[in-house]
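Next up: just one chain, as structure tokens, the form predicted alone.
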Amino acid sequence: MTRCAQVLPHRQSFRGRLARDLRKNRIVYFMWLPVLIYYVIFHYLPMFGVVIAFQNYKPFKGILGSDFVGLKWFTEFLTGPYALRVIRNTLIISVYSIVLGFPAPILLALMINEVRCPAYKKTIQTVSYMPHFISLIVVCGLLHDFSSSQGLFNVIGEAFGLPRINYLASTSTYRSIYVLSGIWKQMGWGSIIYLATLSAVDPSLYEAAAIDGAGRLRRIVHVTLPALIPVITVQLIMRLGQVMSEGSEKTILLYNESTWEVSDIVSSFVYRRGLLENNHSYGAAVGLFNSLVNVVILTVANYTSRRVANESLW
């Protein structure tokens, strides 16, 4: 009875604070409600369907009526002829995207932050943000046109003495076009979070560094970059957690059978086997395996960051 008497006021106090907060910020909670509903319907409820990865799922039988087959589909994928290829391609494209693409918005933010003319600064920001809002289908259509044997890339290459080729049909150039086009499309948008962080840096720090004789480069190294380290760390951890999650949309729009050896990734393989061939259980098993690998990489990256840089997501 004594323990209950001690816990009850605490519970009442929490409920009271929650009720007061709901009354005080009801507009904020109302705005948050659609986001919660979206994640519950489209992210959490579909997680129950992962059980079909362990079944021989038949749509007319449903989840409850389909036969349980255990790890059959996982074994079939990992011992099959395409597992090594799609995992290798996914890792290579992701590593290229991280090595080349992750620093790009940081460098852009640093350069924009050093611009002193407000009008010029806003113009650069607007121009760099625009590719993010171009439809992926439009971007891929432009890439197909530019990469064709009569396209813009060949016109430029011919001026430098290069032979005409179809760049998207060549295994030696496909990955470069895929990664560089992604950097061009997302670099400006990705710089927003870094520019927002830099806007909160105390100007007196720059003034003190200038008084001490630090030039522009030294101020960037000793003032600007330290302010970005926490954000960079968090963003890098989150990006590493998506190493195996290269999207299928862009790949499906760009690749063809002649480049499958270097372009076929896990998500595009799941699309073909799971949807086009109606093998839903196989596709779910590969997708679940992919997610588990991402979770492991994310956990390792977070642990390493916490030990090395004292920054982490949790």
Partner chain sequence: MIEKRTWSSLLFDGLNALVLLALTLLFLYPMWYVLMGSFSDPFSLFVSNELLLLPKGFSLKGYEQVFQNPNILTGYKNTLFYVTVGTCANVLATSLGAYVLSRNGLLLKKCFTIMVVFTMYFSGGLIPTFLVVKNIGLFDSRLALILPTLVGTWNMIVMRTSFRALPASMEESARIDGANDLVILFRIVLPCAKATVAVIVLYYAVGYWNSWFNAMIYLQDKSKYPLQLFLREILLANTANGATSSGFEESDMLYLEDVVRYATVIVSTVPILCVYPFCQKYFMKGVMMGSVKE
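Residue numbers count along the first chain shown, from 1. In this text, all values refer to a predicted model and were calculated from it rather than measured experimentally. Take the two forms, superpose them, and find the largest set of C-alpha atoms that agree within 1.5 Å; that set is the rigid core.
Not pictured, yet referred to below: the form predicted in complex with its partner chain.
Using a 4.5 angstroms limit between non-hydrogen atoms, N56 is distant from its partner chain in the predicted bound form. In the predicted bound form, its partner chain stays beyond 4.5 Å of every heavy atom belonging to E261. Of the heavy atoms in A301, none are within 4.5 Å of its partner chain in the predicted bound form. Heavy atoms of R85 never reach within 4.5 Å of its partner chain in the predicted bound form, leaving it off the interface. Put simply, of L162, V99, L217, L71 only one has a heavy atom within 4.5 Å of its partner chain in the predicted bound form, and it is L217.
Judged against its partner chain in the predicted bound form with a 4.5 angstroms heavy atom cut-off, the residues V40, I112 and I252 are in contact without exception. Note on the interface: of 221-229, 76-84, 206-214, 91-99, the segment with non-hydrogen atoms within 4.5 angstroms of its partner chain in the predicted bound form is 206-214. The partner is not shown here, but in the predicted bound form the stretch 106-137 reaches within 4.5 angstroms of its partner chain through a heavy atom at L108, M111, I112, E114, V115, R116, Y120, K122, I124, Q125, T126, V127, S128, Y129, M130, P131, F133, I134, S135, L136, I137.
Once both forms are overlaid on the rigid core, the distance between the two CA positions of N25 between the shown form and the other one is 2 angstroms or more.
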